[in-house]
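Single chain ahead, written as structure tokens, the form predicted alone.
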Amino acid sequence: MSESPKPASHPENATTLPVSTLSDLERSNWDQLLAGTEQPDSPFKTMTIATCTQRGADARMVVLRGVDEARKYVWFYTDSRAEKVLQLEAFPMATLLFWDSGQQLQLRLSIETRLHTDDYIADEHWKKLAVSGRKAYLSEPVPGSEQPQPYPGFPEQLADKLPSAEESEAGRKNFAVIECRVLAMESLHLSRSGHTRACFQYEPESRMMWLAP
């Protein structure tokens, strides 16, 4: 049963690589995902989602909004009219890609997605979203639609200000939460002294293993 993510605590500084055991590495990876939702300067604050289409593959950057390590779920938001929503409805399986250039660490999550728009989960996330975040959902043109000139993604009268809380509610109809059930997580740490690669599979059965880089 789907639930909204609950705040999770983690060490102020995530465990640095390399680590000696698969269990330690898995925990370090999830700690850094959690940091992506809590620390503004975390390299895991944003991620690439790769989707399938009738024409092939597609990819774009999104913001990580929630992490549930215990249940192995992550969340991000999008405009419900965006093309990626149609893609995920047709092909719910996707991949999330994270990269930390400082640590030379890549995390790749194989996921199954579920869309939330008109339910209590979307409502709960919307209530937590600041008006600065809601501003992006006030666009009248559909994302990706052709425009006669550059368009900022929100009404022109809001160019140099934020909407009021009341004004921001107009964006609720365009707001969607993408729930991602993590089926597997693969990590790759690059180092001159030797690379480290591992896979943590959660479904259909739970197992972890070292891989050749």
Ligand SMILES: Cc1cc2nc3c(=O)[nH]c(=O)nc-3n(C[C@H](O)[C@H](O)[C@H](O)COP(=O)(O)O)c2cc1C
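Note that this is a predicted model, so its numbers are computed, not measured. Just count from 1 along the sequence shown to find any residue number.
Omitted from view is the form predicted in complex with this ligand, to which the following refers.
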{"property": "Among the candidates 62, 170, 52, 184, the residue which, in the predicted complex, approaches this ligand to within 4.5 Å (heavy atoms)", "result": "62"}
{"property": "In the predicted complex, the one of 118, 112, 83, 100 near this ligand [non-hydrogen atom within 4.5 angstroms]", "result": "83"}
{"property": "In the predicted complex, segment of 122 to 130, 89 to 97, 104 to 112, 74 to 82 with a heavy atom within 4.5 Å of this ligand", "result": "74 to 82"}
{"property": "Partner proximity in the predicted complex: residue 39 to this ligand, non-hydrogen atom cutoff 4.5 Å", "result": "no"}
